[in-house]
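Quick heads-up: it's one chain on its own, the form predicted alone, in structure tokens.
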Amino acid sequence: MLHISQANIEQAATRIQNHIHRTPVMTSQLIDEALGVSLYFKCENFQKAGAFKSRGAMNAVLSLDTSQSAHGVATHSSGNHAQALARAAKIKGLPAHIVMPENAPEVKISAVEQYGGKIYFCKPTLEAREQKLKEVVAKTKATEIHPYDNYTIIAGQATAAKELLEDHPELDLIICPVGGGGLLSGTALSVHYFSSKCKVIAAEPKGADDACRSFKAGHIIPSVQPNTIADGLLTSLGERNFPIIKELVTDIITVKEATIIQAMKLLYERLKIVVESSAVVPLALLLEHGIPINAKQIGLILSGGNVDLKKLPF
């Protein structure tokens, strides 16, 4: 039971289109020649607020009815969802209450502030984040918008792959990163509805491999003390995301930290674009493991570009 229909994704695309970018798809002849395939990079690093999260946040906020939006919105997030939700709330004229771990990247904290979000800091654990959010919601009566475990968020994130398939219907495979599974479940749904032959594979850091382990076990295995430079991929899979992933995703493959850094460097050098470490994990998969299935045309979703320039890993 997929819970999200093709119509839900099409409605999300229409609902958000005036508030997001239809992001470009870039290619690199040099990278293609090195890997022996044609790669199409969906540049969500050029998205509003710097990441694909603007799609889901915008769809979620615009889908709220009057009673749900009366006291604003609240969430916990280490960064990209935080700023996307703060921005979406500002557009709708709502307060946004954002719980962030105290070690969140500075660039993401200042973006939330610039979009008018009210930040509540907590210890950098999932328990601390969830506890603090409970307190904030009890106090403010704001509507919680979960970063990924939410059907309107998933439908919004699905619009990235929908656009990619409209621009390149010939794709055999789309690879996207996986953290909580919002982008992955959305991508899998779009591929399911809008392509007859494309497959979906997720890429995940070895140091935060809970999605890979969950996928192989057939049930959610929570992330415990994940350790990776890909700070956007530290969360455990969501309850609403996992069944979609289990049903529609072909595989989840892990990559080493050194390969993530190599992939990041390669995109800076070849595509001349700023991408965050979480975004390059799909390219790292190809660099480390080669082509995972018989695919000639591969789409890679570059999930975001919110980089703390003082902390580049190379």
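Only a predicted model underlies this, so the values are computations on that prediction, with no experimental measurement involved. Quick note: we count residues from 1 along the sequence shown, nothing fancier.
In what follows, reference is made to the form predicted in complex with a further copy of the same chain, a form of this protein that is not presented.
Exactly one of the stretches 62-70, 23-31, 242-250, 278-286 approaches a further copy of the same chain in the model of the complex with heavy atoms within 4.5 Å, and it is 23-31. Among residues of the shown chain, Arg270 is one whose heavy atoms approach a further copy of the same chain to within 4.5 Å in the model of the complex. In the model of the complex, a further copy of the same chain stays beyond 4.5 Å of every heavy atom belonging to Thr259. Using a 4.5 Å cutoff between non-hydrogen atoms, Leu312 counts as a contact of a further copy of the same chain in the model of the complex. Among residues of the shown chain, Asn45 is one whose heavy atoms approach a further copy of the same chain to within 4.5 Å in the model of the complex. This chain is displayed alone, yet in the model of the complex one of Thr125, Gln131, Asn103, Gln114 has a heavy atom within 4.5 Å of a further copy of the same chain; that residue is Gln114. Contacts between stretch 287-306 and a further copy of the same chain, counted in the model of the complex as any heavy atom lying within 4.5 Å, involve Gly305, Asn306, listed in sequence order.
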